[in-house]
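One chain comes next, on its own, written out as structure tokens in the form predicted alone.
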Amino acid sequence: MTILDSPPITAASKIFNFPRNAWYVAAWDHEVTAKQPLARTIAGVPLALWRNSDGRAVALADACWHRLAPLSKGTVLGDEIQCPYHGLRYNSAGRCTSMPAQETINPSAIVPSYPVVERYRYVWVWVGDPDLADPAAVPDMHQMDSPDWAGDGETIYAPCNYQLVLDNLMDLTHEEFVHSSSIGQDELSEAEFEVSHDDRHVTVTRWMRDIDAPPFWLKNMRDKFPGFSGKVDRWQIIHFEAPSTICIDVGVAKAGTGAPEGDRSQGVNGFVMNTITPETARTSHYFWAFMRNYRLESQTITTQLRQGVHGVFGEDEDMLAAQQRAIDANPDHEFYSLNIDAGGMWVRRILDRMLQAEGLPAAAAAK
């Protein structure tokens, strides 16, 4: 095992706070429509998401200025949204344009409007300081809409702190134990790995050479190379980008054909795309997709892969929910980190620096 510039192996916060000066995915692009507003809480902020007459996605605070009725239960009327309680209307900037039974509009009748960027099939929202909302800072997930990749995904409502999901994805040795029937194998915990990082990214690289392909990957090899048998070289390269996006370069290739050196032509390559949006200190929206660069024309393979990964992630979901319940039942128990947690510990350090810059504590308040 090689760990570059490793952080100390110490106790870790269990209920991690979330920065607000960051882009978070609020929804898949197809979820936000001009027909009905969508309610979603992002980093503790309840939002009403909708599209105006130009098709542009809008994010307003989900509370009317008048009596705090949820705008997400209202109606989209062209470029405005109408409160379901007393009919006040707001434009995409959050300014009230109409009040019932009066012509004069109170100049303070405004609800917060939040910056929105649509990219990579997602609607991203910034709930922090709007002056800092640089679209160039949206995490890189280009495989999601590249013509060189095909795939699809889903959303998991995860009943746990978002950091638990990040921990899960930054250390894939859990596959050996949680996903033993699909992608897990003994070689995972035996293989060496490297960790590198900068002030915004962490990368964990693991290669397993000359091994049997687990069931999931054997099926994928046979989708591309019918009748394939024999040993493979397997890779997992985990790319984290702050605050909560993890894209995992995964695959297998026929053993000894040069995959570790860069020639993956005799294999199958996928990207597990993950971006986790904190809802509250104990709940998260987990957006994922599996993208591949082979047999791009096959909707059957896209559907089978989505269903297969759905089953794998269902096992993770059960474990994360159980972990959160145990944390809540044992509030005085401290987390300690092993060598395999090195990538996750660097993620925590990056998030801690982001929280410090906003004057927020690392640990979320107990509730």
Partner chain sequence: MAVNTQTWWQQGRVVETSDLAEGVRRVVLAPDRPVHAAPGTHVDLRLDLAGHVRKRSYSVVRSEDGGRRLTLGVQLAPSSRGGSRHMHGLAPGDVVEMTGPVQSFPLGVGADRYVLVAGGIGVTALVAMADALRRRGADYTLVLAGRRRAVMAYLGELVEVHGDRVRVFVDDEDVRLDVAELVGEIAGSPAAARTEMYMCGPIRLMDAIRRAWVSHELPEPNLRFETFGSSGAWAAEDFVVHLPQLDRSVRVGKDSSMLDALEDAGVDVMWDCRKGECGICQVKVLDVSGRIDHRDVFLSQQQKETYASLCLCVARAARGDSADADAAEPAAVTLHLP
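Remember, predicted model here, so these are calculated numbers, not experimental data. Numbering follows the first chain given and starts at 1.
The same protein has a further form, the form predicted together with its partner chain, not shown here; the description that follows concerns it.
Proximity of residue 86 to its partner chain in the predicted bound form: non-hydrogen atoms within 4.5 Å are absent; the residue sits far from the partner. Put simply, residue 107 is close to its partner chain in the predicted bound form: some heavy atom of it is within 4.5 Å.
When contacts are judged by a 4.5 Å heavy atom cut-off, residue 259 does not count as touching its partner chain in the predicted bound form. Contact check for residue 265: no non-hydrogen atom falls within 4.5 Å of its partner chain in the predicted bound form.
Residues with any non-hydrogen atom within 4.5 angstroms of its partner chain in the predicted bound form fall in just one of 197-205, 151-159, 238-246, 88-96: 88-96. Screening 131, 297, 210, 192 for any heavy atom within 4.5 Å of its partner chain in the predicted bound form leaves a single hit, 131. Here is the short version: of 293, 283, 113, 146, the single residue with a heavy atom within 4.5 Å of its partner chain in the predicted bound form is 113.
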